[in-house]
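Shown below, as structure tokens, is a lone chain in the form predicted alone; questions about how it binds or moves come after it.
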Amino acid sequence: MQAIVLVGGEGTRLRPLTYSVPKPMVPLLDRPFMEHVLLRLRDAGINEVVLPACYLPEAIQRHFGDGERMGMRLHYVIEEAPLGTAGALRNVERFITGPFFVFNGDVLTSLDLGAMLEFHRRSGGIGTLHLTPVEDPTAFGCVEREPDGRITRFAEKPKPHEVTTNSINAGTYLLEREVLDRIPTGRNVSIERETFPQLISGDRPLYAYATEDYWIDIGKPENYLKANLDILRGTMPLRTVGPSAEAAVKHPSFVGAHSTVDRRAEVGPGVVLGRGCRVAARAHIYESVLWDGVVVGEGASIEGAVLAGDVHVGANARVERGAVVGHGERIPAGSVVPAGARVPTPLPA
């Protein structure tokens, strides 16, 4: 069994975090998000993975190499221009020898891949899509299906009065190789808007595999923060290293290697500190994610925020809920980063 993980996106919704790193390399606790995905695949018996990349691919290649360190085989295909979610699949067809999984590069889920594979084999369809229920499906692609799972209709980002189901396309697919032959070459093709609607009108059915497993799209800062907190709390089961013991840290929290927290600081619960962070006396950090090398000055306050690597928060500065601070930024002493602010302000996509 092979897999394709779509890692070509620029991560525009996560800016400014993704100015310095591609979205697959954004950390979840102790390792890049992409590493968690690959470990899940390996545990499910999937050892060969194709990575269609486009934005900052060198960072991905440098970290993972050929996959040997993880007991896997990784193939990289660098796109000169974005080819879309289906065009990227057609562009790597030379590596695909049979049925294959496809994963969106920004989805974190506890989905049982083995159970999905069994369902696909029993159904005998041309493909199987994982569905999950959400409270508000208007921001997603809704999928209508028959009682046996056969998909009958797609509705991409419907308006509220158009919603007929709360089951959405959850971004994990299991496809037969012949699907690749139905995707045009040499242009940007959307699998959601073009390929799947064409497949349901063909002679082999496209099936839905609906579950209520943990699922989140980490492509937005608020979701990225929530994913980290869910892992800390055990809502999303994920392999991580154990937290270090720091007297000033309230658990659940995670403190990376070589980080120091002054005993007079107050850190946690719900805090992730990357490697080499330094937290001074009387600093207060709550429900926040700080990447490697962040320095928090004396008396500073950070609540519900995400700070990229090497950020320096001056003494008595305040970073409020929902704020996102990009790599290497300096927050002057006594200043305030207001709720929901992004520093620096992202340029238009």
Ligand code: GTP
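Throughout, we count residues from 1 along the sequence that is shown. Source: prediction; values computed, not measured.
We do not show the form predicted in complex with this ligand, though everything after this point is about it.
The stretch from 250-258, 161-169, 99-107, 263-271 that comes within 4.5 Å of this ligand in the predicted complex, counting heavy atoms only, is 99-107. Looking at A53, you'd find a heavy atom of it within 4.5 angstroms of this ligand in the predicted complex.
Though the partner is left out of this view, E176 does not reach within 4.5 Å of this ligand in the predicted complex, counting heavy atoms only.
Contact between A3 and this ligand in the predicted complex is not found at the 4.5 Å heavy atom cutoff. Although the partner is absent here, E10 lies within 4.5 Å of this ligand in the predicted complex, judged by heavy atoms. Checking P133, P82, G114, P197 against this ligand in the predicted complex, a heavy atom within 4.5 Å turns up for just one residue: P82. None of A88, L206, C277, V143 but one reaches within 4.5 angstroms of this ligand in the predicted complex through a heavy atom, and that residue is A88.
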